[in-house]
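A single chain, nothing else alongside it, follows as C-alpha cells in the form predicted alone.
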C-alpha cells in the first residue's frame, strides 16, 4: 500500500526512550478519538519471540524469520499476545529491553513491521502511531508529525519509575546505549523528520503537551481543507 494517508488522519509521534511518547500518544488518541498503536511494542514482541525460540538477537536471518512468522495480537487494553502467549509483562522486562535494539537494527525486520504498521493504519482508517521511525519512514506524509524529546536525566527518571527491578543508574546507562544504537543504526535511524514539530517535554505536564498537539492537529486539518 501507499504510505500516503490522504484519506485518513494519521498522527506520527517519534522520540527517544522516556520522552513521553507512549503516555502522550495514548491520551492524544483518546482525546481525538483515534485508535492507538505502540510500534515499539511490536519490536519488543519480535524480541520476545526470538528469545523464546532460543534465537540470538544478532542473527538477522533467524530474527527476520521470527518476525515474519510471528502471530501478534495487540489489544486496546494494552495486552500483547505473541504466538499465543500473553507477553504483556515480559516484553517490558530487562531481558527484552537489553536485546530490542539489536532486533530493531535488522533491515528486514523493520521492513516486515513497517508493512504491518501501514496495514494497521489502513485497516483502522488512520490512528496515532508512536515509535522511532513513524514520521521518517512509516508515514512521512502523516497529517501531523511530532518529535518528542526531554533531557536525559528526566527520561531516565521516568523510566526508573516504570521499572521496579532496575535502579536509576542502570536505566540511565541503558537509555544512553539505546539512544546511540537507535541514532546510529544504518536502517531507519532515530531522527527528527523534516517538517516535524519538536516538543521538549522536560518541563511540561502531560496535559500541556496534549493541548499543544490538539492545537497542532486542528491547524493541520484546517490547512488541508
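Everything numeric in this text was worked out from a predicted model, so none of it was measured. Numbering follows the first chain given and starts at 1.
One more form of this protein should be noted, the form predicted together with a small molecule, which is absent from this view; the next part is about it.
Among residues of the shown chain, residue 104 is one whose heavy atoms approach the small molecule to within 4.5 Å in the predicted complex. The small molecule in the predicted complex comes within 4.5 Å of a heavy atom belonging to residue 110. Proximity of residue 100 to the small molecule in the predicted complex falls within the 4.5 Å heavy atom cutoff. Taking the partner from elsewhere, residue 191 is found to have every heavy atom lying beyond 4.5 Å of the small molecule in the predicted complex. Comparing 82-90, 69-77, 128-136, 141-149 against the small molecule in the predicted complex, the single stretch with non-hydrogen atoms within 4.5 angstroms of it is 128-136.
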